[in-house]
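Only one chain is included here, represented as structure tokens and corresponding to the form predicted on its own.
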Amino acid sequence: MSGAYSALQLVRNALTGHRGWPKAWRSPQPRPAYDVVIIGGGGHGLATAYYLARNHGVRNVAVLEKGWIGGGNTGRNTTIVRSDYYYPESAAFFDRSVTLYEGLSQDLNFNVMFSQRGMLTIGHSRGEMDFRRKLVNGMRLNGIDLEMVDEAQARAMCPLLNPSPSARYPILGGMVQRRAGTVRHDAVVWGYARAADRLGVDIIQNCAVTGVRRDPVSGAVTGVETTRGLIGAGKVGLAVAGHSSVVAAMAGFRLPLRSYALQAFVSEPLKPVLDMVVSSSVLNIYVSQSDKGGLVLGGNLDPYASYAQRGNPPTMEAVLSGLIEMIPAFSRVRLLRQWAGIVDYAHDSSPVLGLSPVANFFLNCGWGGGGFKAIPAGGETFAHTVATGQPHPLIKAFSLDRFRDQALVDEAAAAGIEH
């Protein structure tokens, strides 16, 4: 296992051609049984394992990943972190995640490259500006750092915005969250993996779960069947994003989720031209510039359920046309590549967290397109839930029971967002 990174360690390894660095985490063989098995080696699975070990002293933990860690949605997203949610339950949860991201590099002893460059959401009509003003007032009452800006302020923040006064979608102003920003997605995975490994967690890659074992009398989970054999488990945590319904079916119950492809795009590298995240709900587009210079952009999910991790021309056309309408100067920029992640949506566009109908089987799913920004708080609260058997106070509103009790947290309707 690796020790703490430091300036002295960097100097020492620089003198030896950087050939002496230890492995960031182990590649152990799976043990016959663990106290806790986390299915899914993305950000949420690794964060849960880390907080289980650090906050609750539960270190006999295995994280099972069917491919390589971070090879799913954590490595297929647009890396935006924000907390502009309308309902108090959502606002408190996502703001906790932003707060954890702010100290994550220090906590993990690994630079996750959190750049709090701010996020500007454009308004294109008087009606939309009135709606944004309502959102800002509500979110500020919930403690979120959001503010309205007029057209002049918006253009000062992003001079590239469409300058035409006769544009089809004119720029009238918008709302901005200055604590929002972007994070290096791979660094989040590597940081949590390395920190969890140092606390004794086993990270087992290339280990797909093929079944869930349950006690024939009590019905409680007893282990999981994998491509590397049977692994016993006192508790099992589900953190597999778009394939949550598939694994839940293995455990014998259904989830109120549907899986869709959510596409993202990146352009050729450019010199620095965009120093914040800019989005438009009307144009269904958001864009930022990465440290490598590429424009990272995305839009709505595909309109049909799918498990296909690939792009398609209609979505590409919709996203790129929205980008060019918002910032015409980008019309001559060449697209470099596109990809898709599989996201699972609940009916109210809020996550499903907490207990399941099966004893000792716990749920972390339904994130839609908002899972990456929720990784730290999701891991922290899910670890509490798994360790204690009781939902963390921050996630009580997101239990599976809310569908039975008709207590939905409908952020799509309230905040005008899908995730």
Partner chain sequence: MLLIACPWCGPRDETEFVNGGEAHIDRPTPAESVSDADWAAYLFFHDNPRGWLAERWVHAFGCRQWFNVERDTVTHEIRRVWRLGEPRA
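This one's a predicted model, so the numbers in the text were calculated from it and none came from an experiment. Numbering follows the first chain given and starts at 1.
There is another form of this protein, the form predicted in complex with its partner chain, and it is not shown here; the text below is about that form.
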{"property": "Contact assignment for its partner chain in the predicted complex, among Ala220, Leu335, Ala329, Val246, heavy atom within 4.5 Å", "result": "Val246"}
{"property": "The single option of Arg184, Arg213, Arg258, Arg194 touching its partner chain in the predicted complex, heavy atom within 4.5 Å", "result": "Arg258"}
{"property": "In the predicted complex, segment of 197-205, 310-318, 80-88, 274-282 with a heavy atom within 4.5 Å of its partner chain", "result": "310-318"}
{"property": "4.5 Å heavy atom contact, Trp21 and its partner chain in the predicted complex", "result": "no"}
{"property": "4.5 angstroms heavy atom contact with its partner chain in the predicted complex for Gly127", "result": "no"}
{"property": "Contact test in the predicted complex: Asn142 vs its partner chain, heavy atoms, 4.5 Å", "result": "no"}
{"property": "4.5 angstroms heavy atom contact with its partner chain in the predicted complex for Arg254", "result": "yes"}
{"property": "Heavy atom within 4.5 Å of its partner chain in the predicted complex - qualifying residues of 345-367", "result": "His347"}
